[in-house]
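The chain below stands alone and is given as structure tokens, in the form predicted on its own.
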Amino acid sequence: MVYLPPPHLASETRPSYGETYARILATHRRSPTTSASSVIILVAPDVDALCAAQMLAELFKQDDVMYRIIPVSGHAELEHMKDELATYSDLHTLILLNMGSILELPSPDWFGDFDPRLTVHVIDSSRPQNLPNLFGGGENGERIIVWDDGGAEHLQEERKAWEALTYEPEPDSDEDESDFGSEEDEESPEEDEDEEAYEGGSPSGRKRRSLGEGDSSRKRRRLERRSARMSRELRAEYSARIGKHYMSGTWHGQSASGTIYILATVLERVDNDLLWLAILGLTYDYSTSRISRDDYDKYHSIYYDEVARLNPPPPASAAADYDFKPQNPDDTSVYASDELRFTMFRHWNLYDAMYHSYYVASKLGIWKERGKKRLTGLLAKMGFSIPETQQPYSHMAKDLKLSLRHKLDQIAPEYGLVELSYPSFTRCYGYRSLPLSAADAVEAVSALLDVAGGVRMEIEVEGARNGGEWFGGGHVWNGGRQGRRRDEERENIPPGGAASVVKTSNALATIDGKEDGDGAELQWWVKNFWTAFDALNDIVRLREALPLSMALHRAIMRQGSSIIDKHDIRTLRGHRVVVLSQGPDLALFAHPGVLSRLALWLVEALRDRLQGTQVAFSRSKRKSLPLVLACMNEKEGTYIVVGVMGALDFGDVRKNEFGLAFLDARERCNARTRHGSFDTSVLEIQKDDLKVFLETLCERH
């Protein structure tokens, strides 16, 4: 068995996270050639994986383990990285964060031909998981260790089907069976001789066989071997069960950062820093609709108890109105709080925070003039004037801020806003900064990952709205330029090393095909990764990234409103299809992460206004809001395509079946495509092939 159950399901014969981590330490300390390349962590570019990498790096530093963190953008990059890792003679532990669960890692195409000493640990929240990774045996199977969240315990039927199809022989035809019988008859003299030798060659034994006992025993053995073979019907049933496992769509389980936090709990090393990173990973999964509200509440209750265990209770006044303040200069406490669904309202102004909220936009139809009037009417009914709501939230009158939640509870339901808050957390940063909520921190880190570099972003200066760069009201974001030097190698130097990462040579690539005298320029997404990685533990950088996130939300609202106003949404056989081929923000939405955000905004906006459909390729009978969003990448001459299966109910999540649908459509129309990320519902396709690809995708089977 090569999957690790969570600690509460572990036993003496089934080790869990703690025992496996101890084995990593033992292997590292026994290795004669220990170096920073002995333990390598490959990290996907998302907030959850980033937090998990930061947590794992902290645990390794405490144990004086040298390691390397390498960002990997997608499956193509992972395949290239695999070839490079094959050259590392001292590599004994490879950890994959939010990647690899769907790949057949024991096969020779991936890590099957690597040194037998190498152990690959898969900590991935995406589902479904590859069955050979979970249940495979042998030398290659045992080297792949999946850190499971308990979901594999419910895959026993799939395990039985996979083992039967893998280890049972193929069913024979009638001719094969007759040949098999004749072969047994040919071998029977040898068997008779063996039986004579066993019986001592006594005449009585030969006499019994002469009476036909030998023939009957051969027939009985033949029937037993035939009955042990699977019938074609049973094999077809097993194949259908495994097909259902892989074809039901993609979804997400426990976050990778949550898995590392459980490991830290087992090791008795939890603190507020690790707890906060685990909370950010959970908040990211919820804010991007990776998990449902029910799953979020389940994990939130666990972290709620951890917050109460590790932190002093907040003052009574702060707990009542969620106005948390640090109690001393070094206070880094984490408090439970209710988070309003207003986008970064503590750092924006109240009107813009509500205007750019996905939830408020969907309920009020904010892209229409009537929707804006409804928002203004809601604020007026609450007793908030327009000038007050358009000044920074921190400058609003304190009595208005204290009465905000109470008035929302009274009046917002009249406008259909019944779920304006959800349970979350807030962290203090002493006297260095005002407290920061988990939702705001996730927004800042996500913005750094997506648009800290690689695209021109203009942000507004507080107090100077819509002035533009020329008139002093805004300036171009340049935070991404403050990243690491290209030739700087960073690795942890035990004990107490300040740095924790080192770059790898495959992270170097040219931009626009140009090189300077010092070597190649880092790709924009690699720069963004390290910028976001550093910001996780730096409140100053996090707060500097908040205006960037605001600018990103403005662009999403601007583009989404334009799509709806211009009726750019086409309906093709149950699918909603949007193609962006022009506009001022085209370069921005050519980034897969930003395009996925726009797709989620459109699904939220259309949830209460469009009837759900059952798409052609779906295996589920439940209706949803399938949306296909494509944006032209003028620089590459391609389109980035994103598929989203929106649920009809707010807070619910549907399994995303677009990954398999994309593959099927590509094979049927021979389109030139590639998957540039680990998200199978994101695809890059040649510009000339988009039309036939969309038509093929939307065809009914």
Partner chain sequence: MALPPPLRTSVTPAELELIACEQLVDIIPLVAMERTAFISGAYGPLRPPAKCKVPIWMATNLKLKKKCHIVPPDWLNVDFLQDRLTRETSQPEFSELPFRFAEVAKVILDVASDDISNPEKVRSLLQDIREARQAKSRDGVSKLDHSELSLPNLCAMEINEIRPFFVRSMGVLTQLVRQPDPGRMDQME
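Positions refer to the first chain, counted from 1. Keep in mind the model is a prediction, meaning the values are calculated, not measured.
Below, we refer to the form predicted in complex with the partner chain, which is not included among the displayed structures.
Enquirer: Would you mind picking the one in 64, 652, 664, 634 that has a heavy atom within 4.5 Å of the partner chain in the predicted complex?
Expert: None of the other options qualify; the answer is 64.
Enquirer: Out of 565, 271, 338, 305, which one falls within 4.5 Å of the partner chain in the predicted complex, going by heavy atoms?
Expert: Flagged contact: 271.
Enquirer: Residues in which of 414 to 422, 254 to 262, 324 to 332, 286 to 294 have heavy atoms within 4.5 Å of the partner chain in the predicted complex?
Expert: Flagged stretch: 324 to 332.
Enquirer: Taking the partner chain as it sits in the predicted complex, is residue 58 in contact with it (heavy atom to heavy atom, 4.5 Å or less)?
Expert: Close contact exists here: in the predicted complex, residue 58 approaches the partner chain to within 4.5 Å, heavy atoms only.
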